[in-house]
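Okay, here we've got a single chain as structure tokens, the form predicted alone, with questions on binding and movement later.
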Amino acid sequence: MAKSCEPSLQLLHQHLQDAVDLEFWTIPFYMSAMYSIKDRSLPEYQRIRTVINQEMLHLQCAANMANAYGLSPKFTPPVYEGTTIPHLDFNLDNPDVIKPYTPYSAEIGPLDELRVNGMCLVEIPDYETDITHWKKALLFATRGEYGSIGAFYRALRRLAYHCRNDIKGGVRQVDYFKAFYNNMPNMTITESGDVGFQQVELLIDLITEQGEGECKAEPVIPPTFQNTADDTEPENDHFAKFNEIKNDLAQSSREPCWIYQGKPRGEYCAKNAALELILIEQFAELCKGLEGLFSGENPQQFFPVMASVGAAVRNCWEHGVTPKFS
């Protein structure tokens, strides 16, 4: 077990960067599964789309919190290997809770049992994860000490409270989602100190209530945190939506051809390799744009690049190329 650490601004900064990394990790993983679905009108596609939009919101929240505490977040292409999900270790969970979602994969691929199990595990409710650590008020600085995102955010919340006097309101705050959440008071941190911490808590509540692993007595997103614009199931959190997809896949009588499949890399032609490279280059531009956006710049090409990444993912699948981001 890792050595426990006392709360500090340095440790908070590490957790805030980890939050950015973890939220960012989910977006290409979910996006690749979504774009592997050929028919965009299918409920599986629509459910994943709404979750991706909220993951982008969560990324904004994590970056806004980081800036409020004096950390300019970094954005690097995530790594997708084996069963490794950044900063999470599902071995810390109750095996009986995890068992229905194994085996799983953390590698980029089409929407299948391995991928949807991984998606469910990322969003799995906290249950008893990390309760002993929480009661003893212990925090760990090394990766792999949290069995769920819910446990991770509880640790981050406590660190944020400890460092609340370090909050500086109005520092490089970004808000691109206000029009989608009419009931949400604020998505930026405009105040300092104790009042600023209340705004930080609101953002953490937004993230955890929408499905980042928070165990709730009533599995319904409160109205404050519901999408009021373009979600046909605004009350359902991420875990509920992914479980619906898991059940749909298990019961579906559709032929496998409704999902794009990637061919072995050894069979890639020159055009396939070019499509892969285009996606890698565009995703690198997206990372650069995000870093500029949350460092106070106003990248003019940010939104076109973001849209082009989705188009490049789709284009890869249509040509039998499994998306690759680095």
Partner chain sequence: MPQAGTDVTGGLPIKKGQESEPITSNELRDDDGNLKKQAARFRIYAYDIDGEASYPGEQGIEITRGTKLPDKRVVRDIIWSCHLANKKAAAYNVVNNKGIEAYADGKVPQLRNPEVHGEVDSDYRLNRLMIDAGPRAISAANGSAASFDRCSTATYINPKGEIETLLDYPIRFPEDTNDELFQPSGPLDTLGSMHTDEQGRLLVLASSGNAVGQYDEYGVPIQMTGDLNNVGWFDSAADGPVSALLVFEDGSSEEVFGAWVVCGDPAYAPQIRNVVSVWDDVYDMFVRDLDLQPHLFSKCFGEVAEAYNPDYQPAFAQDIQPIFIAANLQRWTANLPPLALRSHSVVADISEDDDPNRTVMAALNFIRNPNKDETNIGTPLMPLSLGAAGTSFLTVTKTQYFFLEQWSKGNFEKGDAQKLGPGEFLDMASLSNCLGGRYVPGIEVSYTIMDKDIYIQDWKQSGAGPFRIKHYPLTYENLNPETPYLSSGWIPLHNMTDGLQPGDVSKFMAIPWQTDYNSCSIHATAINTDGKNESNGAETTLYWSWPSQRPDAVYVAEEVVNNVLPKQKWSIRGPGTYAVNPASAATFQDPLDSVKHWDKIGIIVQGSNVVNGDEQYSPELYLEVQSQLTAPGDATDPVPDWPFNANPSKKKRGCPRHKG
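Numbering follows the first chain given and starts at 1. In this text the structure is predicted, and so the values were computed from the model without any measurement.
Unshown form predicted in complex with the partner chain; subsequent notes refer to it.
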item: One stretch from 284-292, 262-270, 62-70, 43-51 that, in the predicted bound form, holds residues within 4.5 Å of the partner chain by heavy atom; value: 43-51
item: Site test, Lys178, Thr228 and Met306 vs the partner chain in the predicted bound form, non-hydrogen atom cutoff 4.5 Å; value: yes
item: Option touching the partner chain, based on a heavy atom within 4.5 Å in the predicted bound form, out of Thr224, Thr190, Thr83, Thr232; value: Thr232
item: In the predicted bound form, Asn182 touching the partner chain (heavy atom, 4.5 Å); value: yes
item: Heavy atom of Asn315 within 4.5 Å of the partner chain in the predicted bound form; value: yes
item: Partner contact for Leu9 in the predicted bound form: the partner chain, 4.5 angstroms, heavy atom; value: no
item: 4.5 Å heavy atom contact, Ile278 and the partner chain in the predicted bound form; value: yes
